[in-house]
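The chain below stands alone and is given in structure tokens; this is the form predicted alone.
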């Protein structure tokens, strides 16, 4: 069992390595995508600077907490899209029979698929997250916690993308559902949870788990709470297990398109 896991990790690293090498064939484009994404994200902070010049807090958040919010939101997005870009086009991969190339390989189909491509601009989001968290003021312990939340939040985002993408095993033309669901995971992540009330707030901690990927991490970074930290760990593990179950149950319904495409 341990040997299989070790081999799969090696394969995943190689798959990611080749994906990065493909993108870096044009180094200027690769680097410019990263730099422009960092600059693009920086402009959004300006609106918060202006807003906090008019009032002390927004939705119960101070300016420092908003910086943490943006750092975590940007970092999780960057981690998910840079390392697991293909998870966000899984619906198209399934609908058009593009899973064939992964089914014939002696490795985990899902992991091989979602790690077969990268998004250079997403690396800019990830770097931006670390820049902002340092601007907010950070200790070594908070840096470790921040990195953990980036990874756990990114994994949850990828899990949601896979679950939504796996709907294509059951529903034709479900790509719009997947796209809408993934967009929700982005739209709400950069706003303080205090501005949301009632059913919307409940949804943000359940069906659309922004509360787990973004809000709780901000609370923990602001004031450490072991219960919240363990809750994030438990949620991440449970959702990941559920994701694999959903995908592989759906895979039994997959119809090959007989595409002769090789993946290295």
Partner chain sequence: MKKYFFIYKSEIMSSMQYIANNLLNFLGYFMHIFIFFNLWDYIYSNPEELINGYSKCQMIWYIVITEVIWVVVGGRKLCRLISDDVKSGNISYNMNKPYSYVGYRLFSHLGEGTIKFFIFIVLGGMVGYLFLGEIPNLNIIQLVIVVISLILAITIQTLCSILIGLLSFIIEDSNPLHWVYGKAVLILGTIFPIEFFPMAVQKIAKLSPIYVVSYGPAKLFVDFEIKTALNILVAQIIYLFIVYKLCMLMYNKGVKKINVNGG
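Positions refer to the first chain, counted from 1. All values reported here derive from a predicted model rather than from experimental measurement.
One more form of this protein, predicted in complex with the partner chain, exists but is not displayed; see below.
* Should residue 170 be classed as touching the partner chain in the model of the complex when contacts are defined as heavy atoms within 4.5 Å? -> Residue 170: no contact with the partner chain in the model of the complex.
* Asked: Is there a heavy atom of residue 224 no more than 4.5 Å from a heavy atom of the partner chain in the model of the complex?
  -> Although the partner chain is absent here, residue 224 would stay clear of it in the model of the complex, with no heavy atoms inside 4.5 Å.
* Hey, in the model of the complex, is residue 180 touching the partner chain, heavy atoms inside 4.5 Å? -> Result yes; residue 180 sits at the interface with the partner chain in the model of the complex.
* Asked: How about residue 134: is it within 4.5 Å of the partner chain in the model of the complex, going by heavy atoms?
  -> Residue 134: no contact with the partner chain in the model of the complex.
* To do: Check each of 63, 219, 205, 196 and return the one that places a heavy atom within 4.5 angstroms of the partner chain in the model of the complex.
  => Partner contact (heavy atom, 4.5 Å) among the options: 196.
* To do: Considering the partner chain in the model of the complex, find the one stretch among 182-190, 134-142, 81-89, 150-158 with heavy atoms no farther than 4.5 Å from it.
  => Selected stretch: 182-190.
* To do: Pull the contact list for 24-46: residues with a heavy atom within 4.5 Å of the partner chain in the model of the complex, in sequence order.
  => The stretch 24-46, when checked against the partner chain in the model of the complex, contributes 26, 29, 32, 33, 36, 37, 39, 40, 43, 44, 46 at the 4.5 Å heavy-atom cut-off.
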